[in-house]
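Shown below, as structure tokens, is a lone chain in the form predicted alone; questions about how it binds or moves come after it.
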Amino acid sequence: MSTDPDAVPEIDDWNRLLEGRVAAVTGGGADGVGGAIAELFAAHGAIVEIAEIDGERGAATVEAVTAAGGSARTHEVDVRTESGVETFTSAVLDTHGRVDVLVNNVGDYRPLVRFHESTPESWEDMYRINLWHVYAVTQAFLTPMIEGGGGSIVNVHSVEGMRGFPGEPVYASMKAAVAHFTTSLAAGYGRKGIRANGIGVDLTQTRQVDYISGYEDHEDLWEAWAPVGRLGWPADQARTALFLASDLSSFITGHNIPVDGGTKAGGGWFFSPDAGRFVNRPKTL
């Protein structure tokens, strides 16, 4: 391994950071973090392959990418299943023979079952949608990525895996597992050319997690809710994923970055006596 400073990768085009690279994105449907990542990666020259359980949302992302002059293809699959993972990974590898970037983005806080009411069935659902597919998709792509000279893996999880989450400890523990899997993967495979980093999402407006509905005239409250003083958007997550996927972060691996507007640093969950529950967005100051 070189210790020559001239071996630092050069950035040929700051506007095309992923030129020609094959990027696989799970959960890449429109109006979500995965869709924003797919669109931004394509804008930077990546050939994007999307796994999406909702065919219409996957098609909408491809349409947006194509309209902008990029390259993307969607596969209507469920990566919570062995057959879905096999269909997706085989399609990507059969077409391109390699993958350079992998974004494991699928995840959900539902089914939301309080722990004292939870069951082994609800634990299994949480496991499949938040952790199992990360193992399965990563393993399927890892050897081809190594054989192709290496690549970058970005695992999208949650800030709830990086702090105590009173609402759903099973969900939080799955996200924490993804974060530690990311760190351990980086430590074990870095010498084979693999970089792995994670993104801990919070306060980001998507179809899945709606931070706007139910809060009329809420703009003045964001100063209390988030240190940066505003709501997050999928583009905020996508920009971080682009940095981690590209050579801009070539000396960064094994880290989990909270992309949360500062909520992990600045506080987190607070108990509201009036509501009788924990809240992360108090309505009164």
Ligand SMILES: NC(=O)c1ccc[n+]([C@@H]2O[C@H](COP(=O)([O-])OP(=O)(O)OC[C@H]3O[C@@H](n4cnc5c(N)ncnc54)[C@H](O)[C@@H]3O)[C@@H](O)[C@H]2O)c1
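What you are looking at is a predicted structure, and each value in this text was computed from that prediction instead of being measured. In this text, residue numbers run from 1 along the sequence as written.
Not on display, but discussed next: the form predicted together with this ligand.
*Asks:* Pick from I129, L185, A136, A172: which residue has any heavy atom within 4.5 angstroms of this ligand in the model of the complex?
*Replies:* Flagged contact: I129.
*Asks:* What is the one choice in T95, S71, Q208, T87 with a heavy atom within 4.5 Å of this ligand in the model of the complex?
*Replies:* Contact check passes for Q208.
*Asks:* Within 4.5 Å, heavy atoms only: does S122 come near this ligand in the model of the complex?
*Replies:* Output for S122 is no: heavy atoms all beyond 4.5 Å of this ligand.
*Asks:* Does this ligand come within 4.5 Å of any heavy atom of N197 in the model of the complex?
*Replies:* Judged by the heavy-atom cut-off of 4.5 Å, N197 is well away from this ligand in the model of the complex.
*Asks:* In the model of the complex, does A241 have a heavy atom within 4.5 Å of this ligand?
*Replies:* Residue-level check for A241: no, no contact with this ligand.
*Asks:* Hey, in the model of the complex, is D202 touching this ligand, heavy atoms inside 4.5 Å?
*Replies:* The answer is yes: D202 has a heavy atom within 4.5 Å of this ligand.
*Asks:* Out of 32-40, 221-229, 242-250, 63-71, where are the residues with a heavy atom within 4.5 Å of this ligand in the model of the complex?
*Replies:* That would be stretch 32-40.
*Asks:* Which of the residues spanning 49-82 lie within 4.5 Å of this ligand in the model of the complex, based on heavy atoms?
*Replies:* Counting only heavy atoms within 4.5 Å of this ligand in the model of the complex, the contacting residues of 49-82 are A51, E52, I53, D54, R57, V77, D78, V79, R80.
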